[in-house]
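Below you will find one chain, with nothing else, as structure tokens; this is the form predicted alone, and questions on how it binds or moves follow later.
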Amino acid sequence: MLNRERLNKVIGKLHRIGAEQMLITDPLAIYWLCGKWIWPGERFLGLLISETRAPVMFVNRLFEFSENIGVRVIWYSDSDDIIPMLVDRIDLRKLLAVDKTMAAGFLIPLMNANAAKGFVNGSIAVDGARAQKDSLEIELMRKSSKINDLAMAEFKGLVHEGVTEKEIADQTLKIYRRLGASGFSFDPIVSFGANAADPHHMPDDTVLKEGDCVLLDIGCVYENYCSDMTRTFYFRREPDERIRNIYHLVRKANEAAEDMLKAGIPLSSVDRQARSIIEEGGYGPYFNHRLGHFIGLQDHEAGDVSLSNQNLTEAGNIFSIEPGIYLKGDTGVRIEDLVLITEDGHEVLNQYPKEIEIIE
């Protein structure tokens, strides 16, 4: 059913870019607004919203449904030309905002048909609204992260002598589903030893050896909302002083960034806080990615925690804090949590411990 509060939030943000109407084609954004999942493939799917007119959704009859979603639906078939149907309902006298997912095969004909006074990128309005999670979304994100905490404890139990990264990764989906998740928010990252120096290493046939680090970067989907967490363990042997120092630097960077979080601070300052700790420890060049990313219906949503992002944190934002140190051919450490910005501070959504943990 159409969520009027979310719709009004998007329309309010459209004002900031001087637009009064928008054509939304991202199926995730349409679901977020209307509660209806439709994956149209190459066919057109669009939700036309306006400050002065009731919203209208254009849907191919191949995806026909009967339930009331609170929006007038205009059905079309493969034999129809969707462009005149859109032109007939767009206010030609005003700017039309479109989103970043709109295919050029539809956008260019609309522009050639002079369907609006002008065209602007309206994704900033939808993305900005989605970045401020409402109470329902926050609760679903909490539950998704709770499942992820429980899963991490079980995944750790899959680690034993002679196991491969792939063998662990292949068992994770069954555990997630038993715990109440519907699936992965991304393919799990399982990295042994030197493979942990690749932040996006995909599990392979590497066999676990005594003394290896075991990096698990995992996430699940609960009621369409994603979780994401990373912990780094060690197999059967305490890491030496050098590795312990690296681990403690990463943990200190993670916790220092989280401790400073509240509404109204530049996202760049959060990255700087974590990065400065790793730089002061002598490993600055080996922290080679941004500190975090926004998350919700997608594991990576618009918005990040990076030195280049001067936007201010807002209540309802949920993003990752995931500093790391990566030494090619040697080892890697990453510690990652999801954090919610609240009206009076922040809430860390992950509760799995961060102490150095040895898996026997």
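Here the rigid core means the biggest group of C-alpha atoms that line up within 1.5 Å when the two forms are laid on top of each other. One rule holds for the numbers: they count along the sequence shown, beginning at 1. Every value quoted in this text rests on a predicted model; they were computed, and no experiment measured them.
Omitted from view is the form predicted together with a further copy of the same chain, to which the following refers.
a further copy of the same chain is not drawn, but in the predicted complex it has no heavy atom within 4.5 Å of K36. a further copy of the same chain in the predicted complex is approached by D170, whose closest heavy atom lies within 4.5 angstroms of it. Though the partner is left out of this view, N121 does reach within 4.5 Å of a further copy of the same chain in the predicted complex, counting heavy atoms only. Mapping the unseen interface onto this chain, A103 counts among the residues with a heavy atom inside 4.5 Å of a further copy of the same chain in the predicted complex.
Per the 4.5 Å heavy atom criterion, a further copy of the same chain in the predicted complex is contacted by stretch 94-102, the sole one of 250-258, 139-147, 94-102, 235-243.
Put simply, of G128, G281, P199, P266 only one has a heavy atom within 4.5 Å of a further copy of the same chain in the predicted complex, and it is P199.
This chain is displayed alone, yet in the predicted complex one of D78, D134, E154, D88 has a heavy atom within 4.5 Å of a further copy of the same chain; that residue is D78. With contact defined as any non-hydrogen atom lying within 4.5 angstroms of a further copy of the same chain in the predicted complex, the contacting residues in 38-52 are E42, R43, given in sequence order. Put the two forms on the same core and the Cα of G329 is off by less than 2 Å between the shown form and the other one. Comparing the forms between the shown form and the other one on their rigid core, the Cα displacement of K36 stays under 2 Å. Core-superposed comparison between the shown form and the other one: the C-alpha position of D80 differs by no less than 2 Å.
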